[in-house]
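This document opens with one chain alone, in structure tokens, the form predicted on its own.
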Amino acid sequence: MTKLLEWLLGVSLISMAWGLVTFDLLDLQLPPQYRELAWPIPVYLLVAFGCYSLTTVGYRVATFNDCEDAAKELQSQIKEAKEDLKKKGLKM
């Protein structure tokens, strides 16, 4: 199962449970306090997902590995390319 299918399954299950509680589709006769509590749950989940996403991105940026060897190799290749282009008559 791909990550997309896992997320879609989770969101659909939560949405179904939210709809059942909020709109009382199964005639569960829940107290009105439960229905009032269920209305803002999607907003809370959206805010929680945003916080999780920001934390994940921040952590990945903070622990990003530098590749010094690859950077040196790339700089030398750029230098070689510039010299080759100068030999061919390109002015930079």
Partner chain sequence: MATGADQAVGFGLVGFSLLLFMYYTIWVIVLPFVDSDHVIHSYFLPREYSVILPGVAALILLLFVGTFIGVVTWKNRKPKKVD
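Numbering follows the first chain given and starts at 1. None of these values were measured; they are calculated from a predicted model. Rigid core: the largest C-alpha set superposing within 1.5 Å between the two forms.
One more form of this protein, predicted together with the partner chain, exists but is not displayed; see below.
For the chain shown alone, L37 is a contact residue for the partner chain in the predicted bound form, at least one non-hydrogen atom being within 4.5 angstroms. In the predicted bound form, no heavy atom of D27 sits within 4.5 Å of the partner chain. Counting a residue when any of its non-hydrogen atoms is within 4.5 Å of the partner chain in the predicted bound form, the hits in 40 to 54 run P40, V43, Y44, V47, A48, C51, L54. In a rigid-core overlay of the protein, Q33 has its C-alpha displaced by under 2 Å between the shown form and the other one. Core-superposed comparison between the shown form and the other one: the Cα of G58 travels 2 Å or more.
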